[in-house]
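Single chain ahead, written as structure tokens, the form predicted alone.
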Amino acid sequence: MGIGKATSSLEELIEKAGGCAVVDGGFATQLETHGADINDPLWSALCLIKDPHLIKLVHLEYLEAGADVLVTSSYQATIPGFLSRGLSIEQAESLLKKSVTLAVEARDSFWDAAKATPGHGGYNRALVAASIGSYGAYLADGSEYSGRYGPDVGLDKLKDFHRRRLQVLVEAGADLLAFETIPNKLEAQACVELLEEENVQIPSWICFSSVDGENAPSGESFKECLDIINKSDKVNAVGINCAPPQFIEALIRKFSQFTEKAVVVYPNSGEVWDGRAKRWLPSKCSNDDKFDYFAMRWRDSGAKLIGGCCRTTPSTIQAISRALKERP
């Protein structure tokens, strides 16, 4: 696939969706709803080993809810993580490929059924975005929300960490790459350089987390981070994931000042993860009824892709999808 065609696949989806496409929602939350036990450093990636049928089920639920983009179950799936559980490199790579295959199979079966409906039932043929969680996500120590990787983690180490996973996910047939919860400028630079070095020919987005609604978790300004990303034609969209909904509108406006790339946002439910107590603290601001209101404001502020992250559900995505389609 040439780069011109690859770039247009994401742009075409946004256009078909009326100028703002819908990304799916929280994955681990929904897996737990179906009885999956993911209390593990591998998190939702554990289901690639134990419960792959549940992964496909969740993908189908989000497609039914109106998602235009499916994000794979590979956020916490890393080769070092699988090796630490006693798996071989071959087994680890096979599980990474499976994360893409499950999403593609769900998308294709859903789309085959939708095509039999006049007008496709209001659905678009979804794109599969291969999730690439940050280095901090692999560490499972909360550092994707601090950006503090320490003095021993430099640019080359980050590129080496991400390289083989990226190669496998591309080879597996993903439509695009989704770098998620990036906490600092250094890892953003590693992602950009890796896309260039590997000459990746599918679209990608890079999403940051934010704990203050103003800056990257590291304290670096988003302008600094976006200045690096803007130099690359391999990155097609930038944005925010897994930050509280109340931060999002101002961040969309901020990002729009510093980049011409499409802005993608998929916040969490507003609940806060207590890393020490290992539990969610209640949301201060949000429920599905508010997400439809928020979605319209985010779209009107300039977002081109909108979805949900931790603790959002298919009903959240359905609320977003209906709001965007019913009130253009």
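It should be emphasised that the depicted structure is a prediction, and the values quoted were computed from it without experimental measurement. All residue numbers are counted from 1 along the displayed sequence.
The form predicted together with a small molecule exists for this protein as well; it is not shown, and the discussion that follows is about that form.
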item: Partner contact for residue 298 in the model of the complex: the small molecule, 4.5 angstroms, heavy atom; value: no
item: Contact label in the model of the complex: residue 71 to the small molecule, heavy atom within 4.5 Å; value: yes
item: is_contact(residue 242, the small molecule) in the model of the complex, heavy atom dist at most 4.5 Å; value: yes
item: is_contact(residue 187, the small molecule) in the model of the complex, heavy atom dist at most 4.5 Å; value: no
item: Residue (of 21, 319, 309, 10) lying close to the small molecule in the model of the complex, criterion heavy atoms within 4.5 Å; value: 309
item: Listed residue (236, 131, 78, 99) with a non-hydrogen atom within 4.5 angstroms of the small molecule in the model of the complex; value: 131
item: Proximity to the small molecule in the model of the complex (heavy atom, within 4.5 Å), stretch among 249-257, 212-220, 151-159, 173-181; value: 173-181
